[in-house]
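First comes one chain, alone, set out as structure tokens in the form predicted on its own.
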């Protein structure tokens, strides 16, 4: 009987595929994907962190939409709605924990992906726009973290946001106006929640989706970057694997592993662990004294600690302004490195930018550790 039905089944499947292909040209896409290859070398493992970042962003979108059904922005409703989510909504605590854990893991994956691309010099021609779109998304990921931190409207989030937005006020000329725009007034109030809420759920996701689409198109058109050392290698010594189905299957397997890691973290540590934690705590009270220790999220700690260690004045410049200027210059160097590093060839690799990357990475790690050791 199975043999009698198989031609019918095959014919039905073929007709369905033909119907879809006539409208969306799926066959051309499959043919294009089947011809793509991925280089296999000692650093191939780092290729998967781009996919991990994408997977965690998808988790963020799904869980964010679920939380949005119950969250109510406002000084009189934000804290209460989050407490209602974790206390009364079925599996609300689970969705919030998944959202928080995936956010932190996404930041970590994006950092690893960025530095792996930097140190393998995969930003070189013709991938300048791929690098710039990736750097733009990394900045947006940090903005996601900063804007989402205030939304529970608890004590720690309130005072940390007041400190963070106050740093923007230190900028010359536009600082005061920028701080007022961010806060929605002179102080952090319910209007600030509205600003951050709109930024977190509408503006940032929209811009991020545009950059992500462009980033994925660039990668598909240009393919994965080959090591610089392959330039003079004969083709017989170069190893490749097919993108479809080989690399894609491995990428999906990595997604499954990350999902399992995420599930374990959520079940064992629903409110976070160590320096990564998000207990609801007490409701924000603008008239209450600030807590003895105000710390930002771990991915902002390096900047927070560095600015705190600077003296009040360096020469004729305020210490905080000097630190912000250094961070800005460093960020611009990282963003423009494809146009600055013109010696990334087989014959002469640029060592200056490699050491610059080591310095930046060491600085981030050391300042973060100091920030959690020193009260």
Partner chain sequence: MLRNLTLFTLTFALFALPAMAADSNCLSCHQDFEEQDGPSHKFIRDIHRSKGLDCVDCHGGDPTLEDMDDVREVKGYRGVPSHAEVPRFCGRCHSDAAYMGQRNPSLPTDQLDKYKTSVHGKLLFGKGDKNTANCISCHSVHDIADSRTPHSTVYATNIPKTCGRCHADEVYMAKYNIPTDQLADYQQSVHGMALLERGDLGAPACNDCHGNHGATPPGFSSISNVCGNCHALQWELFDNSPHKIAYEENDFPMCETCHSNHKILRPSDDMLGITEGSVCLECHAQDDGNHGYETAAAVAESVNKLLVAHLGARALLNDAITKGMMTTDEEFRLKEVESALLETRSMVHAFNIDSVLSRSEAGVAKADSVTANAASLIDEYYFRRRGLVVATVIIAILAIALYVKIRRMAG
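Treat the numbers as computed from the prediction; the structure is a model and nothing was measured. Numbering follows the first chain given and starts at 1.
Unshown form predicted together with its partner chain; subsequent notes refer to it.
Proximity to its partner chain in the predicted bound form, defined as a heavy atom within 4.5 Å, holds among 88, 213, 177, 220 only for 88. None of 77, 116, 246, 189 but one reaches within 4.5 angstroms of its partner chain in the predicted bound form through a heavy atom, and that residue is 246. For the chain shown alone, residue 159 is not a contact residue for its partner chain in the predicted bound form, no non-hydrogen atom being within 4.5 angstroms. Though the partner is left out of this view, residue 185 does not reach within 4.5 Å of its partner chain in the predicted bound form, counting heavy atoms only. With a 4.5 Å cutoff on heavy atoms, residue 168 does not count as touching its partner chain in the predicted bound form; it lies far away. Its partner chain is not shown here, and in the predicted bound form it never comes within 4.5 Å of any heavy atom of residue 202. Residue heavy atoms within 4.5 Å of its partner chain in the predicted bound form occur in exactly one stretch of 139 to 147, 98 to 106, 223 to 231, 264 to 272, and that stretch is 264 to 272. The partner is not shown here, but in the predicted bound form the stretch 248 to 265 reaches within 4.5 angstroms of its partner chain through a heavy atom at 249, 250, 252, 253, 256, 259, 260, 263, 264.
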